[in-house]
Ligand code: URA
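In structure tokens, the next block holds one chain alone, the form predicted alone.
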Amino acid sequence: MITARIAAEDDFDGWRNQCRGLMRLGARPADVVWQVGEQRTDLFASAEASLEAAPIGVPKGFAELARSVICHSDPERFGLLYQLLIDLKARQRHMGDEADPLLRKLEMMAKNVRRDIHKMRAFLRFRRVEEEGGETGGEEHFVAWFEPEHHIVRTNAAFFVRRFAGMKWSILTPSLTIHWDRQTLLEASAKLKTDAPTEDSVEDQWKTYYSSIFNPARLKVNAMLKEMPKKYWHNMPETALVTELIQSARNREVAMIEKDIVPMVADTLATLRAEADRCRRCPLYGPATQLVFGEGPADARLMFVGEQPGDQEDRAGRPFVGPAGQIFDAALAQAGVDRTQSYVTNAVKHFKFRPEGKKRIHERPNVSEINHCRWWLKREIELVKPELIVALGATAALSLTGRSLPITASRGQVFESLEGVPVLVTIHPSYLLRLPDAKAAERERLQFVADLESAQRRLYR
């Protein structure tokens, strides 16, 4: 037996270095005992040796999958990933095989890790404490307690640094603690829940705010429990109000109806479309023939977002039915993606153009127009709840992520939408229509198909 030791539970670089050495030695997965830190998992494992070796090539998508799976809590993950790596190098498996039981298991583990990362970002709550110095000389320090299911704390640290860069904070977990002093991110040992504060001076204000914005007309208890499981409630001050608010929701709704103050809130795509048809947030509705809203199943796992409707879409009232839509449909078919099971929409819902004789020439929407229409796209995402969104072009990427992403450098990569949904970036199919060179167009078309295949694979992780 060979001992492969890595420094920490989420040590991807250490695991990768060990794999390189193990493959150089020709070690079989069954001959390897994986150990983390100083722990001993096998009394009969051999003395460990330096296993580092030169880098090895891996198929596209493997490194991304491995980085997520390494953060899972399953102790078998290191060996399972090494088995997959060995089989991939021997061409006994391939990353695109959706029926492969090992690959499906690892992709499900990666999906669980991503879900845990999202839950930490959504449900972690900081509480303010005063450091030494008392009310006049003390410095504000914010402390949060969280119990992740997987080893995601280091992976998630950069998110909290970006989000709360100007705060001095600590996140306490049963596995480790991270501190941010506005300049440096530090690690410390694990903590107990009793080490975290249970309330702070502004908590009553937050509860008052949460109670005031609670809308009984929008209450869906099952959906709320699905998105916010009860196991997270004890760390969130507002959840102390939930039971009472649910019990009183019907009475409050009736009172709002009697006073005729129930806000117009779309709870179905059909209602949302009807509301969007009356939108006057920007002047694009004036020259356009009609609204072009999204279409597809209300529970679609995959969503596609384009830039805006074109001339034929404006006349038909449906997205992606013109020349770019024909290329889009053909690429979807080649990639094995069923459009009828996907939700297809645009960042901007009205056609922007300039007239030239009898022709209407497409013009790119500006930032103001994108932002005005962002409200409708946000509501589509909230209602459909896709597992993955594909951004078709720069306008869609900007609307979804709030960032100006260079498509050439970003295509095929996954970012995060403003709602926390993964976004895979690729070209808009109309780009293929503008390429004068046939070989270049075919090369870009095949890459576009590959991006769509990548999106399809991600759904089955």
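The first residue of the sequence shown is number 1, and the count goes up from there. Owing to the predicted nature of the structure, the values given are computational and were not obtained by experimental measurement.
There is another form of the same protein, the form predicted in complex with the ligand; it is not shown, and what comes next is about it.
Contact annotation: Phe320 falls within 4.5 Å of the ligand in the predicted bound form, judged by heavy atom distances. Contact between Glu313 and the ligand in the predicted bound form is found at the 4.5 Å heavy atom cutoff. Proximity of Glu380 to the ligand in the predicted bound form: non-hydrogen atoms within 4.5 Å are absent; the residue sits far from the partner.
At the 4.5 Å threshold, heavy atoms of Glu307 reach the ligand in the predicted bound form.
Taken together, Arg301, Ser342 and Ala455 are entirely out of contact with the ligand in the predicted bound form: none brings a heavy atom within 4.5 Å.
Though the ligand is absent from this view, in the predicted bound form it lies within 4.5 Å of a heavy atom of just one residue from Leu85, Leu172, Val384, Ala324, which is Ala324. Annotation for 339 to 370: the only interface residue with the ligand in the predicted bound form is Asn346 [heavy atom within 4.5 Å].
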